[in-house]
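In the form predicted on its own, a lone chain appears below as structure tokens.
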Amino acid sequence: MFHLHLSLMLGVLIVYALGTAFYLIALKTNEIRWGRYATRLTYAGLAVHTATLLIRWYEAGYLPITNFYESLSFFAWSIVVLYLLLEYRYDIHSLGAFVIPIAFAAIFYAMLLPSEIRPLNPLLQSAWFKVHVPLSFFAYSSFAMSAALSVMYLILEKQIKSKRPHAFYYRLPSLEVLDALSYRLISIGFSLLTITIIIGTFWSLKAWGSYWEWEPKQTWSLISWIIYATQVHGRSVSGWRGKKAAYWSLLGFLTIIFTYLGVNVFGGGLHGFL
């Protein structure tokens, strides 16, 4: 079973790589067929990816988000799920060229890490774990999608100002659509992150005897929350939109990346996925 899991993960990596290539070709050529090929590949990759998670769950006997390898896989899976929902809802194939590479990079990184199944840490034998961790990754995925849309916004805005736009200028959604959808994803991610932090405080009380330990991941989660709270407040009160909102979204996602990857690499504290 373990070898089957790794073989399927390699297949997922290859399919996401092909999906990335096809989305980029679709963006460059503006040919609908390449976008359709890319979407079909992404659905196929998601199906196989889901199978790897279920196999891992069966093999381990617990929800497989307990170490760095598993968490990267789940992060990639949640990004692809959210992306395909958005593509289905809004028919924005060009977004795939900016999002699926993130899923590919996460799987590629995961494949470089130890993947053996280990006994479950007693700390994770809690109902809080089954809610807290998956919600955090869906929050991260929402922020990743918002950041991708913000990059698209900045590219399009620069193309408009250049007065000599490249061909793919005509293949991106309007600035208004990109701005609105980016904020909608930030709102979703911010709500999920808020719930995640609240649940985390109760879990912390049960596990360590206090609501807050000020360890690295908690601290950086709070910093990320403040940045996105500022953006949500700025949007609702001061009407933050456009370029400023796009840069703020990217700043927020950088803190999310450090909260997840940086803290784990440089010192995960009580939350380390190492």
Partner chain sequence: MVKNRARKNKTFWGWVWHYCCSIKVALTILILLALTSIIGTIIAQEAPEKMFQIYQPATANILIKLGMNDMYNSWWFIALLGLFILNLTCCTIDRFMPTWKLITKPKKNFSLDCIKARKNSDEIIVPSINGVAEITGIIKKFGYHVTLTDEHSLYAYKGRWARMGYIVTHISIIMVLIGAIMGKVSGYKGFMQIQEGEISPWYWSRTLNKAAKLDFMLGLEKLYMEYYPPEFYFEISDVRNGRVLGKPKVSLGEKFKVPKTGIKGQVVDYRPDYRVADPRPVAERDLTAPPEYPAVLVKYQEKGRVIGERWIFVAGRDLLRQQPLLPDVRISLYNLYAERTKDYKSTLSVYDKGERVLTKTIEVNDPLRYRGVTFYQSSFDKEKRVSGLQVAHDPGVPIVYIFCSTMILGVMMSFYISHRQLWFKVEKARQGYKINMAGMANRNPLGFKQEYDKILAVFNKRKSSG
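All of these numbers come straight from a predicted model, not from anything done at the bench. Residue numbers count along the first chain shown, from 1.
A second form of this protein, the form predicted in complex with its partner chain, is not displayed here; the remarks below concern that form.
*Asks:* Taking 19, 30 and 85 together, does each of them reach its partner chain in the model of the complex with some heavy atom inside 4.5 Å?
*Replies:* Not one of the three qualifies.
*Asks:* Which of these stretches, 189-197, 74-82, 153-161, 101-109, has heavy atoms within 4.5 Å of its partner chain in the model of the complex?
*Replies:* Of the stretches listed, the one contacting the partner is 189-197.
*Asks:* Residue 230 versus its partner chain, in the model of the complex: is there a non-hydrogen atom within 4.5 Å?
*Replies:* Taking the distances in the model of the complex, the answer for residue 230 is yes, it comes within 4.5 Å of its partner chain.
*Asks:* Using heavy atoms and a 4.5 Å limit, would one call residue 51 a contact residue for its partner chain in the model of the complex?
*Replies:* Outside the cut-off, so no.
*Asks:* Examine residue 209 and determine whether its closest non-hydrogen atom to its partner chain in the model of the complex is within 4.5 angstroms.
*Replies:* Yes, residue 209 sits close enough to its partner chain in the model of the complex that at least one of its heavy atoms falls within 4.5 Å.
*Asks:* Give a yes/no on whether residue 172 approaches its partner chain to within 4.5 Å in the model of the complex, heavy atoms considered.
*Replies:* No, residue 172 sits far enough from its partner chain in the model of the complex that none of its heavy atoms falls within 4.5 Å.
*Asks:* With the partner left out here, which residues of 61-95 have a non-hydrogen atom within 4.5 Å of its partner chain in the model of the complex?
*Replies:* 89, 90, in sequence order.
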